[in-house]
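Single chain ahead, written as structure tokens, the form predicted alone.
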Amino acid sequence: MMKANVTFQGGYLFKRLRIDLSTRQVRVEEIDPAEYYQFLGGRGMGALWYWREIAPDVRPLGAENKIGFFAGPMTGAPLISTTKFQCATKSPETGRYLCANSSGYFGPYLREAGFDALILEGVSPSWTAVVIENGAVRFVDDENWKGLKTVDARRRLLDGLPQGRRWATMVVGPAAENEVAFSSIMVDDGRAFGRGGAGAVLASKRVKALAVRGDHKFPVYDIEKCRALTKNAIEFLKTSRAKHRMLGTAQFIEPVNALGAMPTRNFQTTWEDPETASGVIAQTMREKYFVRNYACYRCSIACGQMTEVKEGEFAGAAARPEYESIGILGPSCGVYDMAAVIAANQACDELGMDTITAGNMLGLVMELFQRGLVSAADNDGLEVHFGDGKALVQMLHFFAERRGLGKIIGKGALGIIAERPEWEPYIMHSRGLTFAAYDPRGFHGMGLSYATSSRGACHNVGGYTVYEELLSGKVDRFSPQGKGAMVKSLQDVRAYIDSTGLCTVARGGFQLTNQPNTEVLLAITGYDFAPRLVEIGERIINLERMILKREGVDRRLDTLPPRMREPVPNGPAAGHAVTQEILDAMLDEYYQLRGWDANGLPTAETLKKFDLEFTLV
């Protein structure tokens, strides 16, 4: 790796905490500043660590797998929305590299404890909770951790810790203990590492929970500049993100449906009539279920919408539904009752499951019932049909308990296909990760995002084309032309944003775009990263692609499920499909711009350009 002649004067602690759960040995390791110069932090450092330590033959739930958490230079910084940190591990859901992103307090508090990264390896001899306070680590062993829902485990953990101090937590639920491939790690009181099944990895190590706190002062190069930037960002975001505060990400349910891009009844179509769809739109959520706004660490936007069902069969259910959860647990399951969606969201959080994949699996089960391919006899007596909110929530418990059809559904898309290949046409995934709440037949660039994302079908890591392609009205959403350039740019920017520790919703307040401003990272680190940020994003994407190459990925797997080649039957996107010809045209453009060969692999010249020649071994 290139050695950079750069001295950072803030932003980094250069310390990594490594915990061997098998031996209970704890080690503090020094981090080479040159690695930050090349990979910035967060996601970039997670990818570099994964390349070095997770071999292709490592089993996701085997003792040899490891799981790492990585902060960026802005994680915990005295700015706004510096809440993000990253997880890297081998995914039980896809069997390959997983990068996951969460907000909450754990990342910032890990920095306050004195560390930029945390590595867990080995397997604890008993169920335990790991408590990190400054440089000290202790274990709270107790077999009674097992079986607790996430909310109960967190409460029990906090009750046993010294009071009067601020603690951040991560916990897993029963789904993770039962090896559900799409189980999550819940962070604090409602945020999550949702996608990819990191929860099952943590549970395979018999770690039920973690807590962290510390008194370490965050290193900043220019605190007065940080204060000035924060003031300006708050003023900018007060106007530009006003709708986020009022309606949260649920604001997109209505327009995405209106444009014919909403997955409906397991992606069988992409639209529902507005009167029916109104049951799950943001305005309905605000008028009937809203309780208060929720803000992450140091956030001025507070886009989280805390909701509660006040009457009916789901009375008492409470959750913070985001767009993805509503779209997949709602329309994709034929459910247009916000109360049922809130109850399902709460069940996913308490059981510890990714709402997106869980919703996709519910849609699959509903379609299997619709087509007569399964019956109540296959599912412990429970019938599950589109539109049935009560069965929606019940089936989530079946997933977590591995009961009825949950025995096979808990294996995730690839596990299901291996056991029941005849069900594959009804599973919407790419490389094992199921689709988010956007049907790419309604805007084709999202299909390219799903197909090329570093972790499987993902609207974030893959490139969030919604604004540019779907909502702006400036781009032909059904044309393949220019989509390679669009997706590449969005992916590069997202890769560096994920490496900073800043929430992407707030990045506009600091002008961190494809032409990033020089000020904020300079104020924190004393080094002007801005001219190199997009380049760093490209480096990360190329490193992740080499990881995937090592794990068997090439053009053959940059694909979409067969249903995407079927024309939409009705609504605003009627007649449109992402044919293989359209996908190939987008892939060709994308690969060429990336400097990859026709098989979707980085060339030697590209690897040299980004100082990644070490991946050629």
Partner chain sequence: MTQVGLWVVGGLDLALSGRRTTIDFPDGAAVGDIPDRLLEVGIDAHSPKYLVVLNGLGWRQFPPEQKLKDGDVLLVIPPLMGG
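Given the structure is predicted, the values throughout are model-derived calculations rather than measurements. Numbering follows the first chain given and starts at 1.
What comes next is about the form predicted together with the partner chain, which is not displayed.
Among residues of the shown chain, Lys243 is one whose heavy atoms approach the partner chain to within 4.5 Å in the predicted bound form. Contact between Arg154 and the partner chain in the predicted bound form is not found at the 4.5 Å heavy atom cutoff. Proximity of Phe314 to the partner chain in the predicted bound form falls outside the 4.5 Å heavy atom cutoff. Though the partner is left out of this view, Tyr294 does not reach within 4.5 Å of the partner chain in the predicted bound form, counting heavy atoms only. Scanning Glu383, Asp476, Asp189, Glu308 against the partner chain in the predicted bound form with a 4.5 Å heavy atom cut-off leaves one residue, Asp476.
A heavy atom within 4.5 Å of the partner chain in the predicted bound form is found for exactly one of Leu120, Leu237, Met486, Val466: Val466. Across the options 477-485, 366-374, 342-350, 132-140, residues that bring heavy atoms within 4.5 Å of the partner chain in the predicted bound form belong to 477-485.
Taking the partner chain as positioned in the predicted bound form, the residues of 236-275 that bring a heavy atom within 4.5 Å of it are, in sequence order, Arg241, Lys243, His244, Leu247, Thr249, Gln251, Phe252, Glu254, Pro255, Val256, Ala258, Leu259, Pro274. Between the C-alpha atoms of Lys474 and Glu589, a gap narrowed by no less than 3 Å is obtained in the predicted bound form, as opposed to the form on display. In the predicted bound form, the separation between the C-alpha atoms of Ser472 and Glu589 shrinks by 3 Å or more relative to the displayed form.
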